[in-house]
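To begin, one chain is listed below as structure tokens, in the form predicted on its own.
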């Protein structure tokens, strides 16, 4: 069964980003629950930003689970990435993500590596950067396995990363370096920019997809852009996708309306 999810960002430094809910965790959980969402995706400043037991009680109260946790604060706040030329910074990135994996595992939730993958710096070697990325993902995949969760790698569009931009490139990379316990995030916003045929890519590489970000072509909630969601939804059903479809979209025109638009779109495409 495909499950619905809304993002909650608790990081003031990324308040302009594509997140449905902001700031108040309990208020956000209450609203998401009232609309019938199955889960939330959390973005926190660090692995110890929330009390685990208190958060579990809130989730139980509102009958929600955590679909995944994001690691982007490591880059936004600290500037850590897995491909930084400075070995010390790469190690800090690994440590930050490892701690997020441990935090997420307390909720049986995987951790997402998006912006913390970094970029090939100007004049830098692509081969070297890819080696650093492989080393980081390999270590973190093993760390995730030890905590009985998977790690999620997110291919980003070319304007955000010059590493791996498509599902095909990402699958080839993981296979080349024999990286285990790492699945892919199919982000519909990024895919709309990079994939020649989103539905075909989902069908071809569906075995590697373990999380989906649900946003329209302009990164507003689905229904406010021009992405052909009929074909995308059909492809996800054909591959028997059983994970979360998580709204990583701008809170347009406001969080409540964005959440309402998202759940209506989810029902339209996945509950028929």
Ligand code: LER
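From a predicted model like this one, the values you see are computed outputs, not experimental measurements. Numbering follows the first chain given and starts at 1.
Only in words, not in the display: the form predicted in complex with the ligand, which the text now covers.
- For the options 160, 135, 168, 195, the residue carrying a heavy atom within 4.5 angstroms of the ligand in the predicted complex is 160.
- Listed residues 144, 156, 97, 152 were compared with the ligand in the predicted complex; 156 is the one with a heavy atom within 4.5 Å.
- Here the chain stands by itself, but in the predicted complex one stretch of 211 to 219, 224 to 232, 26 to 34, 56 to 64, 211 to 219, has heavy atoms within 4.5 Å of the ligand.
- Using a 4.5 angstroms limit between non-hydrogen atoms, residue 84 is distant from the ligand in the predicted complex.
- Residue 248 is the sole member of 232 to 254 found to place a heavy atom within 4.5 Å of the ligand in the predicted complex.
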